[in-house]
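Presented below, as C-alpha coordinates, is a lone chain in the form predicted alone.
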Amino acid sequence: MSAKIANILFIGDVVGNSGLQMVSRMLKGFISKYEVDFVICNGENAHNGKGMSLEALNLMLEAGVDVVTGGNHTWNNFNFFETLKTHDRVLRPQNYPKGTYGKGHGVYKLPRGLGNITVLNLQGRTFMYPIDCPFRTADWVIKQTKEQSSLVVVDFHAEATAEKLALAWYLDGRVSAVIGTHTHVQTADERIFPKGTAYLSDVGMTGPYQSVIGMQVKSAVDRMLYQTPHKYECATDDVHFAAVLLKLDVETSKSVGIERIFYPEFETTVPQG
(Lines give C-alpha, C1' and ligand atoms only; values in the text may rest on other atoms or scores of the structure.)
Protein backbone atom coordinates (compact mmCIF):
# COMPACT_ATOMS: atom_id res chain seq x y z
CA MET A 1 0.00 0.00 0.00
CA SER A 2 1.39 3.39 -0.99
CA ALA A 3 2.10 5.95 1.74
CA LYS A 4 -0.29 8.82 2.39
CA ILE A 5 1.61 11.99 1.61
CA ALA A 6 0.56 15.49 2.65
CA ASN A 7 1.92 18.26 0.43
CA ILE A 8 2.59 21.40 2.47
CA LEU A 9 3.58 24.71 0.89
CA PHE A 10 5.42 27.16 3.15
CA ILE A 11 5.71 30.72 1.76
CA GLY A 12 8.53 33.00 2.87
CA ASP A 13 8.10 36.41 4.51
CA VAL A 14 5.56 38.41 2.48
CA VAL A 15 6.70 42.03 2.27
CA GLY A 16 4.32 44.90 1.47
CA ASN A 17 1.62 45.27 -1.13
CA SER A 18 3.80 43.94 -3.92
CA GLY A 19 4.39 40.72 -1.96
CA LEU A 20 0.68 40.40 -1.24
CA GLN A 21 -0.18 40.88 -4.89
CA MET A 22 2.35 38.20 -5.86
CA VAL A 23 0.67 35.76 -3.46
CA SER A 24 -2.77 36.66 -4.84
CA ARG A 25 -1.60 36.23 -8.42
CA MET A 26 0.53 33.11 -8.14
CA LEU A 27 -0.59 30.95 -5.22
CA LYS A 28 -3.52 29.13 -6.77
CA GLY A 29 -1.29 28.10 -9.68
CA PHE A 30 1.31 26.65 -7.31
CA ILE A 31 -1.40 24.87 -5.33
CA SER A 32 -2.62 23.23 -8.53
CA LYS A 33 0.85 22.43 -9.88
CA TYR A 34 2.11 20.78 -6.69
CA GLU A 35 -1.25 19.37 -5.50
CA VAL A 36 -0.86 21.29 -2.25
CA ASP A 37 -2.97 20.25 0.72
CA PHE A 38 -2.11 23.05 3.14
CA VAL A 39 -0.44 26.47 2.90
CA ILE A 40 1.57 28.20 5.62
CA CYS A 41 2.72 31.78 5.05
CA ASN A 42 4.83 34.11 7.16
CA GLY A 43 3.09 37.49 7.03
CA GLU A 44 4.77 39.65 9.69
CA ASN A 45 5.85 42.22 7.07
CA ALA A 46 2.74 42.18 4.89
CA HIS A 47 1.40 45.55 6.11
CA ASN A 48 3.47 48.21 4.36
CA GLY A 49 6.61 46.16 4.92
CA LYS A 50 6.39 46.03 8.71
CA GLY A 51 3.61 44.41 10.71
CA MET A 52 0.26 42.84 9.85
CA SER A 53 -3.24 44.11 9.14
CA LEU A 54 -6.68 42.55 8.87
CA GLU A 55 -6.81 43.54 5.21
CA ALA A 56 -3.51 41.78 4.49
CA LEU A 57 -4.61 38.71 6.43
CA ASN A 58 -7.90 38.47 4.53
CA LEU A 59 -6.12 38.89 1.20
CA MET A 60 -3.75 36.01 1.99
CA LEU A 61 -6.57 33.76 3.19
CA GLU A 62 -8.62 34.51 0.08
CA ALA A 63 -5.59 33.69 -2.08
CA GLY A 64 -5.42 30.19 -0.57
CA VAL A 65 -3.25 30.52 2.55
CA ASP A 66 -4.47 28.37 5.45
CA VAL A 67 -2.51 29.91 8.34
CA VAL A 68 -0.35 33.03 8.67
CA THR A 69 2.64 32.97 11.00
CA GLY A 70 4.52 35.91 12.47
CA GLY A 71 7.68 37.15 14.15
CA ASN A 72 9.21 40.16 15.85
CA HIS A 73 7.39 42.60 13.53
CA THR A 74 3.96 41.10 14.24
CA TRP A 75 3.48 43.81 16.86
CA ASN A 76 4.31 46.84 14.67
CA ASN A 77 0.74 47.67 13.61
CA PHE A 78 -1.32 48.43 16.72
CA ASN A 79 -4.56 48.22 14.74
CA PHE A 80 -3.99 44.48 14.27
CA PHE A 81 -3.92 43.59 17.95
CA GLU A 82 -7.63 42.77 18.28
CA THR A 83 -7.44 40.44 15.27
CA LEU A 84 -4.36 38.78 16.73
CA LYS A 85 -6.27 38.10 19.94
CA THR A 86 -9.23 36.37 18.30
CA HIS A 87 -8.47 35.04 14.79
CA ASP A 88 -7.68 31.33 14.67
CA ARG A 89 -5.76 31.53 11.38
CA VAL A 90 -3.02 33.90 12.50
CA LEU A 91 -0.15 33.02 14.84
CA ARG A 92 2.58 34.88 16.69
CA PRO A 93 5.71 33.27 18.18
CA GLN A 94 4.72 30.89 20.98
CA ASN A 95 7.68 31.72 23.20
CA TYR A 96 6.70 35.29 24.03
CA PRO A 97 6.14 35.63 27.78
CA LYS A 98 3.02 34.16 29.36
CA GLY A 99 0.12 36.60 29.10
CA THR A 100 1.07 37.94 25.67
CA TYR A 101 -2.07 38.00 23.54
CA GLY A 102 -2.51 35.87 20.48
CA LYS A 103 -1.53 32.24 20.11
CA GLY A 104 1.66 30.58 18.96
CA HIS A 105 0.43 27.28 17.60
CA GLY A 106 -2.67 25.76 16.06
CA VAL A 107 -3.96 22.35 15.06
CA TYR A 108 -5.63 22.37 11.64
CA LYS A 109 -7.55 19.77 9.65
CA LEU A 110 -6.04 18.56 6.40
CA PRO A 111 -8.12 17.51 3.36
CA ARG A 112 -8.29 14.05 1.75
CA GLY A 113 -8.61 12.29 5.12
CA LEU A 114 -4.99 13.08 5.96
CA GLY A 115 -5.74 13.97 9.57
CA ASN A 116 -4.45 17.09 11.33
CA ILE A 117 -1.34 19.22 11.23
CA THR A 118 0.16 21.32 14.02
CA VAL A 119 1.79 24.60 13.00
CA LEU A 120 4.15 25.99 15.64
CA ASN A 121 5.57 29.51 15.45
CA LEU A 122 8.77 30.15 17.42
CA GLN A 123 11.22 33.07 17.60
CA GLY A 124 14.96 32.89 18.14
CA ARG A 125 16.89 34.76 20.82
CA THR A 126 20.37 35.17 19.32
CA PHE A 127 20.70 38.84 18.23
CA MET A 128 16.96 39.23 19.01
CA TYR A 129 14.75 39.84 22.05
CA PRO A 130 15.66 37.65 25.06
CA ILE A 131 12.22 36.04 25.29
CA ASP A 132 11.38 32.55 26.58
CA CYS A 133 13.36 29.53 25.42
CA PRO A 134 12.21 28.25 22.00
CA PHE A 135 13.63 24.79 22.70
CA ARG A 136 11.66 24.21 25.90
CA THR A 137 8.61 25.89 24.38
CA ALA A 138 8.72 23.40 21.51
CA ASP A 139 8.90 20.54 24.02
CA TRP A 140 5.75 21.81 25.71
CA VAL A 141 3.75 22.25 22.48
CA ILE A 142 4.73 18.81 21.15
CA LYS A 143 3.54 17.25 24.40
CA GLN A 144 0.29 19.24 24.38
CA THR A 145 -0.65 18.41 20.77
CA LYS A 146 0.63 14.85 20.26
CA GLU A 147 -2.84 13.32 20.72
CA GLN A 148 -4.36 15.70 18.17
CA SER A 149 -1.74 15.66 15.45
CA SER A 150 1.44 13.78 14.62
CA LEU A 151 2.48 16.16 11.83
CA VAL A 152 4.25 19.26 13.16
CA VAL A 153 5.72 22.08 11.05
CA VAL A 154 7.77 24.74 12.84
CA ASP A 155 8.26 28.30 11.58
CA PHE A 156 11.44 29.34 13.41
CA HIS A 157 11.73 33.09 13.01
CA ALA A 158 15.36 33.67 13.91
CA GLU A 159 18.46 35.66 12.97
CA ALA A 160 21.26 33.16 13.55
CA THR A 161 21.71 30.11 11.35
CA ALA A 162 23.46 28.35 14.24
CA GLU A 163 20.37 28.70 16.42
CA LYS A 164 18.15 27.41 13.61
CA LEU A 165 20.36 24.39 13.05
CA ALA A 166 20.56 23.68 16.77
CA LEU A 167 16.77 23.65 17.07
CA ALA A 168 16.47 21.35 14.05
CA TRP A 169 18.90 18.85 15.58
CA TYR A 170 17.12 19.13 18.92
CA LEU A 171 13.72 18.40 17.33
CA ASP A 172 14.87 15.85 14.73
CA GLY A 173 12.41 12.98 14.68
CA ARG A 174 9.90 14.82 16.89
CA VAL A 175 8.61 17.32 14.31
CA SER A 176 8.09 16.96 10.56
CA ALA A 177 9.92 20.14 9.54
CA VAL A 178 11.81 23.14 10.90
CA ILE A 179 11.70 26.00 8.42
CA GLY A 180 13.56 29.24 9.08
CA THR A 181 12.19 32.71 8.38
CA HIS A 182 13.25 36.33 9.13
CA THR A 183 16.39 37.03 7.07
CA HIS A 184 14.52 37.50 3.73
CA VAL A 185 17.26 35.59 1.87
CA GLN A 186 16.49 32.07 0.67
CA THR A 187 19.21 29.59 1.58
CA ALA A 188 20.26 26.54 -0.45
CA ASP A 189 20.70 24.07 2.42
CA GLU A 190 17.41 22.16 2.26
CA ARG A 191 17.75 18.59 3.55
CA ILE A 192 16.11 15.90 5.63
CA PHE A 193 17.78 15.13 8.96
CA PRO A 194 18.58 11.52 9.98
CA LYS A 195 15.37 10.98 11.96
CA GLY A 196 13.08 12.48 9.33
CA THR A 197 12.83 16.21 10.03
CA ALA A 198 13.02 18.46 6.94
CA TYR A 199 15.09 21.62 7.31
CA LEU A 200 15.78 24.89 5.51
CA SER A 201 17.67 27.74 7.19
CA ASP A 202 15.53 30.39 5.52
CA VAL A 203 12.71 30.16 3.00
CA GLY A 204 13.36 33.72 1.81
CA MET A 205 11.20 36.72 0.94
CA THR A 206 8.10 36.99 -1.21
CA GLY A 207 8.35 40.61 -2.19
CA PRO A 208 10.44 43.28 -3.96
CA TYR A 209 14.09 42.42 -4.66
CA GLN A 210 15.12 45.79 -6.08
CA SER A 211 15.58 46.65 -2.44
CA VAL A 212 17.55 45.92 0.70
CA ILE A 213 15.55 42.97 2.09
CA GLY A 214 12.34 44.77 1.14
CA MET A 215 13.34 48.33 2.05
CA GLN A 216 13.87 51.06 -0.55
CA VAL A 217 17.53 51.12 -1.52
CA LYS A 218 18.28 54.79 -0.81
CA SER A 219 16.84 54.72 2.72
CA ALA A 220 18.69 51.52 3.54
CA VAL A 221 22.00 52.74 2.10
CA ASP A 222 21.73 56.10 3.89
CA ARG A 223 21.07 54.31 7.17
CA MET A 224 24.28 52.31 6.74
CA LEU A 225 26.31 55.18 5.29
CA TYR A 226 25.45 57.85 7.87
CA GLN A 227 24.61 55.59 10.84
CA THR A 228 21.48 57.64 11.53
CA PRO A 229 17.78 56.68 11.47
CA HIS A 230 15.94 56.89 8.17
CA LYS A 231 12.28 56.28 7.44
CA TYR A 232 11.43 52.70 6.55
CA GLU A 233 9.86 52.78 3.09
CA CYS A 234 8.82 49.56 1.43
CA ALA A 235 10.15 48.91 -2.07
CA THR A 236 7.91 47.75 -4.92
CA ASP A 237 9.95 46.48 -7.88
CA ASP A 238 11.35 43.14 -9.08
CA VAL A 239 8.94 40.95 -7.13
CA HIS A 240 9.63 37.23 -6.57
CA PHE A 241 7.79 34.35 -4.90
CA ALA A 242 9.82 32.35 -2.37
CA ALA A 243 8.55 29.13 -0.82
CA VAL A 244 9.38 25.55 0.06
CA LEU A 245 7.34 22.42 -0.68
CA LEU A 246 7.29 19.74 2.02
CA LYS A 247 6.15 16.16 1.46
CA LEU A 248 5.11 14.61 4.78
CA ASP A 249 4.34 10.94 5.37
CA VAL A 250 1.12 10.93 7.40
CA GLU A 251 1.75 7.48 8.87
CA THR A 252 5.30 8.10 10.12
CA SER A 253 5.11 11.91 10.52
CA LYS A 254 8.48 12.13 8.75
CA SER A 255 9.40 14.25 5.77
CA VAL A 256 10.02 12.34 2.57
CA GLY A 257 10.72 15.35 0.35
CA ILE A 258 11.69 19.02 0.42
CA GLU A 259 11.94 21.36 -2.58
CA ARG A 260 12.75 25.05 -2.72
CA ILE A 261 10.66 27.30 -4.97
CA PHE A 262 11.83 30.70 -6.22
CA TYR A 263 9.89 32.36 -9.04
CA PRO A 264 10.87 33.95 -11.29
CA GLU A 265 14.52 33.05 -10.98
CA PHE A 266 17.11 35.83 -10.93
CA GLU A 267 18.79 36.89 -14.16
CA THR A 268 22.36 35.55 -13.97
CA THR A 269 23.61 36.56 -17.41
CA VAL A 270 24.01 39.94 -19.06
CA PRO A 271 21.61 40.41 -22.03
CA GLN A 272 23.42 40.58 -25.37
CA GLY A 273 23.10 43.47 -27.75
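Residue indices: 1-based, along the sequence shown. Computed from a predicted model, the values in this text were never measured in an experiment.
Unshown form predicted together with a further copy of the same chain; subsequent notes refer to it.
Of the candidate stretches 24 to 32, 39 to 47, 54 to 62, 209 to 217, only 209 to 217 has residues whose heavy atoms lie within 4.5 Å of a further copy of the same chain in the predicted complex. Using a 4.5 Å cutoff between non-hydrogen atoms, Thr145 does not count as a contact of a further copy of the same chain in the predicted complex. Mapping the unseen interface onto this chain, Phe135 counts among the residues with a heavy atom inside 4.5 Å of a further copy of the same chain in the predicted complex. Among heavy atoms of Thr187, some come within 4.5 Å of a further copy of the same chain in the predicted complex. a further copy of the same chain is not shown here, but in the predicted complex it comes within 4.5 Å of a heavy atom of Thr183. Proximity to a further copy of the same chain in the predicted complex, defined as a heavy atom within 4.5 Å, holds among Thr161, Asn116, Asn79, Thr86 only for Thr161. Scanning 232 to 259 for heavy atoms within 4.5 Å of a further copy of the same chain in the predicted complex gives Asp238, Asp249, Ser255, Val256, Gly257, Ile258 in sequence order.
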